[in-house]
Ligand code: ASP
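Given as structure tokens, the chain that follows is alone and in the form predicted alone.
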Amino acid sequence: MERRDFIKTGLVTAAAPTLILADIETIKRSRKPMAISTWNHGINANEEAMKVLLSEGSALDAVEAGVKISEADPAIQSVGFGGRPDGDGHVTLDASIMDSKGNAGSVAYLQNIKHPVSVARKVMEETDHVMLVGNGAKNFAISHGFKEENLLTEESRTSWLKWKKNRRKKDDFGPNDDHDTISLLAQDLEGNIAGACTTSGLAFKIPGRVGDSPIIGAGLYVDNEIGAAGATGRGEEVIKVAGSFLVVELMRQGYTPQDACKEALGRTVSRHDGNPKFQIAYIALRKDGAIGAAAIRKGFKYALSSDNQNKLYSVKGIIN
């Protein structure tokens, strides 16, 4: 090789890393970080998640930060601090989190810890387990620096006392079977997807009851090659069809996120003669940024943050 050819080749080789880095930055700028979550309080959760995403943070950090907003808000009586208690008057919390590598962590029937989603993340990152429950989950949280605190607000206590006074039957849950779990799915600038799900569960439930939210594949599922899904509503029925896993697998088969959510709901509706007396809703986020949301009945809303907008959308029920 002649000297001038060697120099030219060397210059191209030296420039290659710079060009590659420039291309990566261009790709990042062209990607659109986004967050989708359940219910009205998803708006504030999305806002916090997007702060992380727009600062080039990970989808995992974003979903944790987002749902912690709902967990800390005593006005949201279906999640975290201020959540309606079980039948014995204890606030018990369930949460799960899943990253883009397929790792997962969850806690169930956790008491006196405000942020169960962060405990779930510790389970995922600090142990080789997936789920911890009850006192075991609480002791684990305390050993990792989480503080015990009373999560029962006066408003939720009053609701519980009223329920106890007026209850008429064994399964007289209430009010209106209200358990508006927050599921939040996000995609970051790297294109990676993560999800989190957290709840105080069914109001005035039988002590010891655990719903779908901390169960990987039921309340939450993430497959970074395909997408993610999250659930809200009657947890027992979501568990029976492995709802969030089903939505993601349907997307793998070629269903759009919207049709995947509807098909998963259809499996449950058909089991109840076409007219279930409860609500379930799913949200889905596909790898290419397409989203879907569907509910059995009207009344469900989801929050979507993308393209510098954070808006709430109403969903028509598939049966009314």
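Since this is a predicted model, take the numbers as computed values, not measurements. Note that residue numbering begins at 1 and tracks the sequence as displayed.
The discussion below concerns the form predicted together with the ligand, not included here.
- With the partner omitted from this view, the residue of H115, K122, K138, R234 that lies near the ligand in the predicted complex is R234 [heavy atom within 4.5 Å].
- In terms of contact with the ligand in the predicted complex, the residue from K240, H144, K162, R209 that brings a heavy atom within 4.5 Å is R209.
- Under a 4.5 angstroms non-hydrogen atom cutoff, the ligand in the predicted complex has L202 among its neighbouring residues.
- Within 4.5 Å of some heavy atom of the ligand in the predicted complex lies at least one heavy atom of D180.
- The ligand is not shown here, and in the predicted complex it never comes within 4.5 Å of any heavy atom of S106.
- Interface residue remark: S244 is not counted as part of the site for the ligand in the predicted complex, having no heavy atom within 4.5 Å.
- Looking at 129 to 137, 210 to 218, 67 to 75, 184 to 192, the stretch with residues near the ligand in the predicted complex, meaning non-hydrogen atoms within 4.5 angstroms, turns out to be 210 to 218.
- With contact defined as any non-hydrogen atom lying within 4.5 angstroms of the ligand in the predicted complex, the stretch 249 to 279 contains no contacting residue.
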